[in-house]
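Next up: a single chain in structure tokens, the form predicted alone.
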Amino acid sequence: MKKLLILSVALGSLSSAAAAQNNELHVYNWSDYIAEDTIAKFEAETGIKVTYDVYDSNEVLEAKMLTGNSGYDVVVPTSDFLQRQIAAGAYMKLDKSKLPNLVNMDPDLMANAAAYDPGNEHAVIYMWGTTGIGYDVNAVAERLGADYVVDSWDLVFNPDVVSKLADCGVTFLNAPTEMIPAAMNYLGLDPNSTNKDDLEKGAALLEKVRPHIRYFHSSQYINDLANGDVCVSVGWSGDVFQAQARADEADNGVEVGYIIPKEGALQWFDMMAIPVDAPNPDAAHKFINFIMDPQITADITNYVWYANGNAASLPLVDEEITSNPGIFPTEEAKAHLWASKVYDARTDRLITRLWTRVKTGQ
């Protein structure tokens, strides 16, 4: 009888633990990348409690995903990192029967994303954007002249130009797989080249302007641009527009602009995916489907100022956003965008070494 009682208690505990787990969801997403009320709305609609953690680089997420047992149910890798992590077996295939809101997604953008995830089997577009340049309009004009046209990577990659901006603060993303290809593209090289000499040339250009760079960080520049603490940042489109909105709200005299440089820029997709060992995959599907609701997606875009892949949401997005060519690029700008490709292990090691050299000067 005593053994039966112990067994009964144990089974009851396991049942309670399972029930608790079914009522919990762990999400790992980029910082400053969701509307203020999205999580609360999901919890109210589903009764599922969300633990929401953030990161600011793909490398941080990848370290967790490739180690395994991350504890997360939904993560948001960028497309090229997603492709590599799928190959490593990090994500489960989506059960599309649990995602009725897939009908809202833009078929052309999903087709582009399928280049990284054939058949869109493992992931759905969360947001997409470009990597360009955010800048303080007045500070740049003061140093380069009112007639200087800000339309080129010259602003950060030409030593004669960037040296004149160093005093007001120039920043780079801490993202070697974006910064080195951008430098290569500026030099007229294929940004997706894995040729050692091409990568060395890209890194050498970055080293040349390194003395004029205040810091390498992938989120700090948002507030710093908004507050006028820096004047030029290589950054992600939506982050720069968040800085612009914060400056406008503060009415602090800072005017933030964003350009997709005329030489071209990286176009990327951030994708919602479910880790293969997710504790609660059913809740994960509910969350992804919830995000694909047109109003929810529109609310996020209206808050974070990133383009989304949800065609049904666009009528609900502020016209100020949909008409902004920095967020939804013109056809001419689109012609100069490139998509990143997955590097092999040898190229990864080389880029890591080059990036360390760029940042440390050694």
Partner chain sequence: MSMQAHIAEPGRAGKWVRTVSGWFAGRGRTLVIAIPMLWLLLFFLVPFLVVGKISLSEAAIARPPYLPIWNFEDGILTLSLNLGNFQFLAEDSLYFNAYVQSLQIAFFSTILALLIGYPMAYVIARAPARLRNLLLMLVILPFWTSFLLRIYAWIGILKTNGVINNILLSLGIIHEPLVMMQTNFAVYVGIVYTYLPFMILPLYSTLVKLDESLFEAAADLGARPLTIFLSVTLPLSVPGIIAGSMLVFIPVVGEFVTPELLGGPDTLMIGRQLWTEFFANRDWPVASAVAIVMLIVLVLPVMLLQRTQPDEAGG
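As the structure is a prediction and not an experimental result, all values here were calculated from the model. Residue numbers count along the first chain shown, from 1.
Omitted here: the form predicted in complex with its partner chain. The next part is about that form.
- In the predicted complex, every residue of the candidate spot (A63, T67 and R349) has a heavy atom lying within 4.5 Å of its partner chain.
- Contact check for S57: a heavy atom falls within 4.5 Å of its partner chain in the predicted complex.
- The closest heavy atom approach of K208 to its partner chain in the predicted complex falls outside 4.5 Å.
- In the predicted complex, none of the heavy atoms of N280 sits within 4.5 Å of a heavy atom of its partner chain.
- Contact check for P118: every heavy atom lies farther than 4.5 Å from its partner chain in the predicted complex.
- Of the residues given (N112, T194, N227, N138), N227 alone sits with a heavy atom within 4.5 Å of its partner chain in the predicted complex.
- This chain lacks the partner; the member of V103, A250, A204, A87 within 4.5 angstroms of its partner chain in the predicted complex by a non-hydrogen atom is A87.
- Just one listed stretch, out of 94-102, 285-293, 270-278, 232-240, contacts its partner chain in the predicted complex at the 4.5 Å heavy atom level, and that stretch is 270-278.
- Residues D348, R349, T352, R353, T356, K359, T360, Q362 of 335-362 are found to place at least one heavy atom within 4.5 Å of its partner chain in the predicted complex.
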